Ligand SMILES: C[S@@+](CC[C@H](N)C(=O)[O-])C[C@H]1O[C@@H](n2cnc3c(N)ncnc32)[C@H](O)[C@@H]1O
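Given as structure tokens, the chain that follows is alone and in the form predicted alone.
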């Protein structure tokens, strides 16, 4: 069922967006208004400028990736976003005619934002999208059918048991899983995970305090192979030599050859 359309004025929407700050996702609500551009002309801000939260505008990049995976669109497909934040990826997947988009996040702040966008977005369909406030480890209790595409971004390195967490998502993946995670960049060559302790209060941190950072893409490949994925592509690798963190994005498919359309020459 499609959510009721907003009856708020532009000024009222801006006021509500500001009241719900900080935002991580820049999502268009009307042709002239987006959640990010209320705070920045580009829809982007660094954490020090945005209450410790990075403001990002990844729609165009995400849509290009979806088109590489599904050149004919996502009609009849389903999409799950684990740790969905304000739900941007669900809304953009719906623009590609996905039949079902589900997002969940452990933090009420982000789910409140996602439901706000669901109520007020006027530039694209918002039917067949749902959001849930819940912990990843409670996901098996939902007994959902597997999804064609599962997005596992910004969560692996916040988990006290990331292998179990990723396995939960993998078991719900029919076709392709996208794993985007920070990694340890201290130069350790032995494969494994490095212990990390993080605060539970910051919005961009986990809620379990204990967390683990993978130290090499090969660590993640080994885990994904064990989970039944037969092909993997390292689609992005953002490494700053002066930083102790590194960010990678890996596409993992159930069937070999499925990722031939991904625009990269880094395969394993």
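Bear in mind that the values here come from a model prediction, so they are computed numbers and not experimental data. Numbering follows the first chain given and starts at 1.
Unshown form predicted together with the named molecule; subsequent notes refer to it.
Proximity to the named molecule in the model of the complex, defined as a heavy atom within 4.5 Å, singles out one entry of 174, 194, 107, 167, which is 107. Among 131, 116, 89, 147, the residue placing a heavy atom within 4.5 Å of the named molecule in the model of the complex is 89. Residues 82, 153 and 157 are all found to lie within 4.5 Å of the named molecule in the model of the complex, as judged by heavy atom distances.
Residue contact check for residue 204: one or more of its heavy atoms lie within 4.5 Å of the named molecule in the model of the complex.
The closest non-hydrogen atom of residue 178 lies beyond 4.5 Å of the named molecule in the model of the complex. A residue is said to contact a partner when one of its heavy atoms sits within 4.5 Å of a partner heavy atom; residue 127 fails this definition for the named molecule in the model of the complex, lying far away.
Proximity of residue 136 to the named molecule in the model of the complex falls within the 4.5 Å heavy atom cutoff. Listed stretches are 63-71, 44-52, 23-31, 209-217; the contact stretch with the named molecule in the model of the complex is 23-31, by a heavy atom cutoff of 4.5 Å.
Using a 4.5 Å cut-off on any heavy atom, the one residue of 49-75 that reaches the named molecule in the model of the complex is 56.
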